[in-house]
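Only one chain is included here, represented as structure tokens and corresponding to the form predicted on its own.
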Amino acid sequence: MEKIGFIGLGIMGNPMAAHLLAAGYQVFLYSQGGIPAELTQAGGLACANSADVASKADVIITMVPDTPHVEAVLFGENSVSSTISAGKVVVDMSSISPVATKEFAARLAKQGVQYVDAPVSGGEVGAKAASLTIMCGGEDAVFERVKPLFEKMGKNITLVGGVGAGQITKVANQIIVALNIEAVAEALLLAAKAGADPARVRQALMGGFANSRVLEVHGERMVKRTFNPGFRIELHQKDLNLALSTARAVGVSLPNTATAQELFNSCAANGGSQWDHSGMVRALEKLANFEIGQ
């Protein structure tokens, strides 16, 4: 059984690493924010830095917020690249730039290191339930090598194409999620302002063609006013920035993605960077001068 390194133990990384430990893997742990006690109590091995992880593990998984964080983990001070040896694999499960992903893979390939980009969807709920959707980019043989690890963390696991394809798929996913949140927010806000009970409207819609996981999970958050983060607005802003910058690079217009980003920007300007992304509804409520919960 291969030795696993896991770097980045936040809202998502913590339960993901826990599933690997529960499956019997030896897991070497590092996180800039500290290593959760429950992981070491479960048998995880704390490391001093990313270089320490890479020197001990065969497969190194990264799960950090953004492109600069991945670059720092892989190539910065006390980095993975400073100690990693040929034949090992880096699996980046963060959501970052597809262009940078290809660059990182090429740099590591010069050291004989293989690379898979494997961003996820499903949020904190999916991470805890080991039901994440995992979108992968890489060579077939490398994917097959690490697929057993993915199966401990997720359910819908797909090799989309070569390195970078996973990140492109995640960008597409985040567009769909953002626009669904916006649609649910508009619908429930309209219903509430028109005098209908938004909770009952949501329940009725869940039985029809308008049903979705966003209506089920985030619609409930909007009605109950629970915006503590499962997935923070600032992270969805980052993902939509990737979508819009990629769209510019390939010459595609994404007008509704841009609108969703502006609504997130409005939330952030009003102190909502740390809200759950379902909190987008607050930007629409401000425009209407009305809250769903009134």
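Quick caveat: nothing in here was measured; it's all calculated off a predicted structure. Residue numbers here begin at 1 and follow the sequence given.
The same protein also has a form predicted together with another copy of the chain, omitted here; what follows describes it.
Student: Given that the partner is absent here, state which listed stretch (87-95, 111-119, 73-81, 150-158) has heavy atoms within 4.5 Å of another copy of the chain in the predicted bound form.
Tutor: That would be stretch 150-158.
Student: Counting only non-hydrogen atoms and a 4.5 angstroms cut-off, does Arg107 reach another copy of the chain in the predicted bound form?
Tutor: Flag for Arg107 set to no.
Student: Given that another copy of the chain is not shown alongside this chain, does Lys224 nevertheless sit within 4.5 Å of it in the predicted bound form, heavy atom to heavy atom?
Tutor: Flag for Lys224 set to no.
Student: Though only this chain appears here, would Thr101 touch another copy of the chain in the predicted bound form if you measure heavy atom gaps against 4.5 Å?
Tutor: Judged by the heavy-atom cut-off of 4.5 Å, Thr101 is well away from another copy of the chain in the predicted bound form.
Student: Would you check, heavy atoms only and a 4.5 Å threshold, whether Thr246 touches another copy of the chain in the predicted bound form?
Tutor: Thr246 belongs to the contact set for another copy of the chain.
Student: Is it true that Gln32, Gln41 and Lys238 each have at least one non-hydrogen atom within 4.5 Å of another copy of the chain in the predicted bound form?
Tutor: The answer is no; none of Gln32, Gln41 and Lys238 reaches another copy of the chain.
Student: So which residues in 243-267, when you check another copy of the chain in the predicted bound form, have a heavy atom no farther than 4.5 Å from it?
Tutor: Heavy-atom contacts to another copy of the chain in the predicted bound form: Ala243, Thr246, Ala247, Val250, Gly251, Val252, Ser253, Leu254, Pro255, Asn256, Thr257, Thr259.
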